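As structure tokens, one chain now follows by itself in the form predicted alone.
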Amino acid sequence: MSDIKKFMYVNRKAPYGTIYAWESLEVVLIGAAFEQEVSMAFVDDGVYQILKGQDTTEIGVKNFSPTYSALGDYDVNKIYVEKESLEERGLTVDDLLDLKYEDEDDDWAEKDSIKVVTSKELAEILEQQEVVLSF
């Protein structure tokens, strides 16, 4: 049996105004660096964390959204976005960051990391995880 555990990080909060989004991203990168099998889910206001075109100059905090583009380099390529959360906020997958990874099993082809799933599909994915952390 492998020592690698399946970790799911569920992101529910808007990216700014609290520390949850930033801390989640830091923990994901640390976990992935230590070869955990890491996946992420974005639900509720968490979908705003991976929204394109974030500008934080008016609120005086650092925009950390470009850091999400590093996820593929850490083999974090299972990023689930709940369809209903997008729809409730008038968003589509086209409004989200273009997160990619290189698939070594497919001659390093660049592939999309984001998968839009229904709440029912996400519940099934969560059932398969060994550890679920909610931020």
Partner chain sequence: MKFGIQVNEGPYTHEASVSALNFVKAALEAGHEIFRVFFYHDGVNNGTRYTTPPQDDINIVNAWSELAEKHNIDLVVCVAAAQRRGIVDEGEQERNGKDGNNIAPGFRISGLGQLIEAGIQSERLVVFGD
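Everything quoted here is computed from the prediction, not taken from an experiment. Numbering follows the first chain given and starts at 1.
Omitted from view is the form predicted in complex with its partner chain, to which the following refers.
- request: Would you confirm whether the three residues 67, 74 and 99 all fall within 4.5 Å of its partner chain in the predicted bound form, going by non-hydrogen atoms?
  value: No, none of the three is in contact.
- request: Could you tell me which stretch in 30 to 38, 81 to 89, 104 to 112, 47 to 55 has residues with non-hydrogen atoms within 4.5 Å of its partner chain in the predicted bound form?
  value: Looking at the partner contacts, the answer comes out as 30 to 38.
message: My question is simply whether residue 121 lines the interface with its partner chain in the predicted bound form - judged by any non-hydrogen atom within 4.5 Å.
response: It does not: once its partner chain is placed as it appears in the predicted bound form, residue 121 has no heavy atom within 4.5 Å of it.
field: Any non-hydrogen atom of residue 26 within 4.5 angstroms of its partner chain in the predicted bound form
entry: Close contact exists here: in the predicted bound form, residue 26 approaches its partner chain to within 4.5 Å, heavy atoms only.
message: When the contact criterion is heavy atoms within 4.5 Å, does residue 125 count as touching its partner chain in the predicted bound form?
response: No.
message: in the predicted bound form, is there a heavy atom of its partner chain that lies within 4.5 Å of any heavy atom of residue 19, even though the partner is absent here?
response: Output for residue 19 is yes: heavy atoms within 4.5 Å of its partner chain.
message: Just to make sure I understand: among 102 to 135, which residues lie within 4.5 Å of its partner chain in the predicted bound form, judging by heavy atoms?
response: Counting only heavy atoms within 4.5 Å of its partner chain in the predicted bound form, the contacting residues of 102 to 135 are 131, 132, 133, 134, 135.
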